[in-house]
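Take a look at this single chain in structure tokens; it is the form predicted alone.
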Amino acid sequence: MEPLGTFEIIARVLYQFTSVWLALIILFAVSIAFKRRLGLYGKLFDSPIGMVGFALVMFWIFTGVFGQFDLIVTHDSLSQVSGMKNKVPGTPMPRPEEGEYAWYLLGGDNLARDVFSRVIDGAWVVVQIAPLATLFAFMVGITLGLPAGYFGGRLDTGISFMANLILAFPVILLFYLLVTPEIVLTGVPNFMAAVLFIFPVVFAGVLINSRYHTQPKFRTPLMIVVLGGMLWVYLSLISTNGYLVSNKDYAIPALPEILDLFDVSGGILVVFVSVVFVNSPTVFRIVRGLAMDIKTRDYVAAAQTRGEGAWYIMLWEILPNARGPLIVDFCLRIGYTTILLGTLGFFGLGLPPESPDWGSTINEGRKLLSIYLHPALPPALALLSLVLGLNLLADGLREESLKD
């Protein structure tokens, strides 16, 4: 077989994304048709900048999801093919088996793996970790920032001091410490996960109790069901083979292995904990500032006059009126987290060396950058486009939220 030309490569790459194009067309058609009923999300489609950003973000989300169903990838991202080391884009396979894709569309890397398939699988790594890590960071920041801003005093001083202490610590040095084998063996990342991951459970419990505290017959069973399910998920997240920590010195059981819902590898857990730990103080400061401002509004005073509890006011009066800035910051923070994940992968921190995440792929490709551009350029452009999309999406949401 002959190597593919430039236009053939572009055409075949675009064809591989057929499922993504169809999903984007359907999503935009339905969203535009019903945009007047979809609140802030619907108003996003009145902003050209927001629509472009949303399209870029959803492109990579669909790519990550569909890539797991083998609708886009052409080869196994971890398999090595003899004779394909550092081959240029469009190089044909030496002896393709029946049913196997016959070309490396974006070439091969220094270990003879398909660059195109690694970029697609790398999108799934980002889609899994970045939004969830940002969401957990927001749960921590909101749960601590609301009472600090509302009550003030020593509580505010103490939490703010801890937040500033974390922000003053060099981020990369923190990551290096957390992934050090000696630190990992002590179980420090696992203990940090146990503390940080409990905040969504606490937030949900306080949210339900503050809303339905006058209806105990409804509140109690609701809390049992919701918190029971969340605690199960929480224990599954922090446990590995049924243990929170297990080393030669001691073992702390967390959940029977048969009930463990997830098999979170140690590397991903360290990265997840690190990202949540670093982002939480910044979210805390934003929520604290918003709470200090909004608590002086008339509708908060009216709620206090009605005799509403402090947590009800914080969660049902202050937080909903802070949603605009928080939604915008959430989109921006996913972008920061994506860059952070790329940085960690580039330095080889946390994720396994063979991981197809974009940072690791860029790091492997840069070693031969003066000779071969194709291993490093596609993941770099993918990272750039996703972060650009998130920033444009945040700008569009900010623009529309200011019109309310």
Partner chain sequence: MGLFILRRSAVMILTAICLTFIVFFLTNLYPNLEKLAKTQGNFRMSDEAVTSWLTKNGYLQPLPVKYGQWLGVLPGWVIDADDGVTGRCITGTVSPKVAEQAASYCGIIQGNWGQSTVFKDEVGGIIAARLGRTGALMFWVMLLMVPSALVVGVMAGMNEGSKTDRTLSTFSIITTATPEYVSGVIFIAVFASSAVGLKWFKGTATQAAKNMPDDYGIAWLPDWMVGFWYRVFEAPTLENFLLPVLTIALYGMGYIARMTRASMAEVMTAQYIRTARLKGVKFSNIVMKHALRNALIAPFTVIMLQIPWLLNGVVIVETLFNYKGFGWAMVQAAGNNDIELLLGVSVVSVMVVLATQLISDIGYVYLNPRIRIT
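Numbering follows the first chain given and starts at 1. Remember, it's a predicted structure, so these values are computed and weren't measured experimentally.
If you look for the form predicted together with its partner chain, you will not find it shown, but the lines that follow are about it.
Stretch from 333-341, 64-72, 38-46, 24-32 whose residues place a heavy atom within 4.5 Å of its partner chain in the predicted complex: It is 333-341 that comes within 4.5 Å of the partner.
Proximity of Pro256 to its partner chain in the predicted complex, heavy atoms at 4.5 Å: Residue-level check for Pro256: no, no contact with its partner chain.
Contact flag, Val188 vs its partner chain in the predicted complex, heavy atom cut 4.5 Å: Contact with its partner chain, yes.
Close approach of Leu177 to its partner chain in the predicted complex, 4.5 Å, heavy atom: Yes, contact at 4.5 Å.
Its partner chain contact in the predicted complex: Glu400, any heavy atom under 4.5 Å: Answer no; every heavy atom of Glu400 is more than 4.5 Å from its partner chain in the predicted complex.
4.5 Å heavy atom contact with its partner chain in the predicted complex for all of Ala55, Leu227 and Ser236: No, the whole trio is out of contact, none within 4.5 Å by any heavy atom.
Contact residue in the predicted complex, from Tyr101, Phe169, Trp232, Phe262 (heavy atom within 4.5 Å of its partner chain): Exactly one listed residue reaches within 4.5 Å, namely Phe169.
Stretch 362-397 - residues with a heavy atom within 4.5 Å of its partner chain in the predicted complex: Ile362, Arg366, Leu369, Ser370, Ile371, Leu373, Ala376, Leu377, Ala380, Leu381, Leu383, Leu384, Val387, Leu388, Asn391, Leu392, Asp395, in sequence order.
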